[in-house]
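Shown below, as structure tokens, is a lone chain in the form predicted on its own; questions about how it binds or moves come after it.
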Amino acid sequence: MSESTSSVRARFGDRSLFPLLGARSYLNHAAVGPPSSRVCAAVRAQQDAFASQGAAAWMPGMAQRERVKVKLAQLLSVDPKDLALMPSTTRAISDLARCFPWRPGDRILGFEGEFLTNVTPWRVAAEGFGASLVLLPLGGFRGPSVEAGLAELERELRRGVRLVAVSAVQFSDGLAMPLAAMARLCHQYGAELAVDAMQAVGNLPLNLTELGVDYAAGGSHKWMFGPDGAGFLYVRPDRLAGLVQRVAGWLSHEGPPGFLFPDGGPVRYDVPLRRSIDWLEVGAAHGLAFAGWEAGIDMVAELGVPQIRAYTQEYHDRIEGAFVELGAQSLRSPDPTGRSAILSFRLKQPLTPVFRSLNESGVAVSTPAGLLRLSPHWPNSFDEIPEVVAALARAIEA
């Protein structure tokens, strides 16, 4: 990365690090966080290193991945040794579901409306290991209080549950879940809590140690602006020994790559697998993605996640009322602790023409589950809000 590019710091409401971004108002970070010039420069530097050095660039690339792990651990308030770097959130959850120590008859609890990344792997695991998957409604968590949702969760836990799978933030309406309370309930009844943190990491403070969650997974390409193809899995230290090593590869062994080059002897196959969670780092990774992700993490760290959360909430405060005046129904949680960087609305008008009109006006949004979803981040400026509101007014009137 060039010194001039790396020295440009992230600033709230400033898009100067995103010179290629076409949309005038990019409100779709919950789908893809566009790479900044710093991220692009880091990817190019990694590619140039392999282009010029070939295999000699491999070890520096591995060192770079370890830096990512350390920086990510700081964001999550965990020990780096409790993280495995993965190709994606989906792969992290899938490998966890495969390696979990299931027993026939185990019950898994999930929630209706979750993104498929946090449902399909558990359904497949249930079918393969003789367990069952039950999906609970989320309505009890969407009121002024989460007590109704927690009470319903506790009723199911009393019946016997092995694992509860939940997203830290619901992808469609931005509901932030009460993870600490859910973790306490799970542990009270002998269950474990697995969290899909994809829509939270980078915009919502997540101290995984204090929250008490057992597992968490996330990825690079949304709120941390990295390229796709990089993610993580966190495993609480006291849960590691219970996992079954059903996934492994050549980098899962102790001491790679030394066992490939023994002095005067053949390649060894009897080298034991590591017992640290990085045994799931099974082989060659998408090095360009991890290089870009490091630059994205650096930008988030410069601003601070609590400050990013406050900034996105102020953006929502400024735009929500104007949308409601146009007839949109806000789905923002009445409980401030249930709010995230996602703000969604239900419209009376057909959604597809509105979506098309907004994008033609240079306002990039998304429409998951039949909702109009805004997901601003720190580069968005409050000055753009009047234009976004005017674009919605035109879209509704069309």
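What you see is a predicted model; the values in this text were computed from it and never measured. The first residue of the shown sequence is 1; numbering continues from there.
Here the subject shifts to the form predicted in complex with a small molecule, a form of this protein not shown in this document.
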Closest heavy atom of residue 171 to the small molecule in the model of the complex, within 4.5 Å or not?
yes
May I ask you to state whether residue 117 is within 4.5 Å of the small molecule in the model of the complex, using heavy atom distances?
yes
Give a yes or no for residue 196: in the model of the complex, does one of its heavy atoms lie within 4.5 Å of a heavy atom belonging to the small molecule?
yes
Any non-hydrogen atom of residue 88 within 4.5 angstroms of the small molecule in the model of the complex
yes
Which of 217-225, 134-142, 300-308, 152-160 has heavy atoms within 4.5 Å of the small molecule in the model of the complex?
217-225
